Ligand SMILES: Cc1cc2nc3c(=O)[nH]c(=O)nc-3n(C[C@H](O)[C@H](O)[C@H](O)COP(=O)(O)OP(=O)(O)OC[C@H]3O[C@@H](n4cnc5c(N)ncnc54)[C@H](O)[C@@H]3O)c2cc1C
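Let's start with one chain on its own, the form predicted alone, as structure tokens.
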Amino acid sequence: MIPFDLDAVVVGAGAVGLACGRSFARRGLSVVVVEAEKAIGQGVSSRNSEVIHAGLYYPTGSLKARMCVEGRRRLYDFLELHKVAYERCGKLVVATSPDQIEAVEKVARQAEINGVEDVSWLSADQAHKLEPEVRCVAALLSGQTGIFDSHGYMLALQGEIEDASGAVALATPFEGATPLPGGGFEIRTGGAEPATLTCRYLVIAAALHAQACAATIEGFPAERIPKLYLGKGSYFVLAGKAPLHHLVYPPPIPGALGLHYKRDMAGRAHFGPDLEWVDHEDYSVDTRRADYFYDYVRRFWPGLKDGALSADYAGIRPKIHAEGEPQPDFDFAGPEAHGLDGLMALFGIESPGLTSSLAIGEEVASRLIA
């Protein structure tokens, strides 16, 4: 067998890429995670709601359903082990009018099918006892939903990789790969010190840049690279102390879970994300969207006062479906999809990708190494 420089190269040092690198490293393989930015977690992983999803919503038998439930269980154990801040605060999925009860009941049924623990149906009175300021006619309580320090989590992943003699190479953009005749890949990286190296396994976990990276791999069929669509989500932050303990979500909307209430580990309250289909990366928050936020939030929290919201931040989701189309599953493009042994390209890893990251990492490593 050809002597490779490394067993594995992972492209992208967000939560999913780092989790993939950890899974290779824990198997005793040499691994480098290459990242174009100067720090880990600067892309999609840095612009999310930091919610640990229980796995309520995702279609039966889907990767999202399985990865979210498994990933959430693994994630709580990992955070506890590494002393990363988290809180299993729970969330309410609320019906704010009778015509929304059916949608919340559908979530409850799907949660049961997905094997989600600690889910219960609440009457309006029961929900009011938990959160007196929330207005609803019924609610679903998910006790396994939580919040956490996502950057602390990614630092812990990096630490595990490095403790296992792996590495995270920052400011090292991936510029392409060529399959080698006997298997494996020749990898080209750029940056201040361009390099060429060889590896047996290659993982593309580059979120918004996954399609562009795949297109630079010789032999990767263009027709197997899904089109990238950008789903922008903006957040607004509340002045003052967070008013609610539980997270509060209305029923999901097409293409996303919908604008919701969450608080962060510092006790600040945030609302979002909404969903805006855009044609380029733009992380500014349009303050004119505040009117929509006030109207939407007051459906479940009528106590929101005028002038209490200010623009917070925005994120872009790497979607692989257009507006109005059904939301697809995670896309794990392995050798059976493109014919290149040892390569896994991950497309469309949006929510619940952060919660699912440890399970995704294990899935990728097990599929490639098996």
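Everything quoted here is computed from the prediction, not taken from an experiment. The first residue of the sequence shown is number 1, and the count goes up from there.
Below: the form predicted in complex with the ligand, not depicted.
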{"property": "Distance check, residue 317 to the ligand in the predicted bound form, heavy atom within 4.5 Å", "result": "yes"}
{"property": "The ligand contact at residue 93 in the predicted bound form, heavy atom, 4.5 Å", "result": "no"}
{"property": "Close approach of residue 37 to the ligand in the predicted bound form, 4.5 Å, heavy atom", "result": "yes"}
{"property": "Non-hydrogen atom contact residue 327 with the ligand in the predicted bound form at 4.5 angstroms", "result": "no"}
{"property": "Region of this chain that lies against the ligand in the predicted bound form, out of 59-67, 334-342, 27-35, 304-312 [heavy atom, 4.5 Å]", "result": "27-35"}
{"property": "Proximity to the ligand in the predicted bound form, single hit among 179, 173, 251, 226 (heavy atom within 4.5 Å)", "result": "173"}
{"property": "Sequence-ordered list of residues in 191-211 near the ligand in the predicted bound form, where near means a heavy atom within 4.5 Å", "result": "205, 206, 207, 209"}
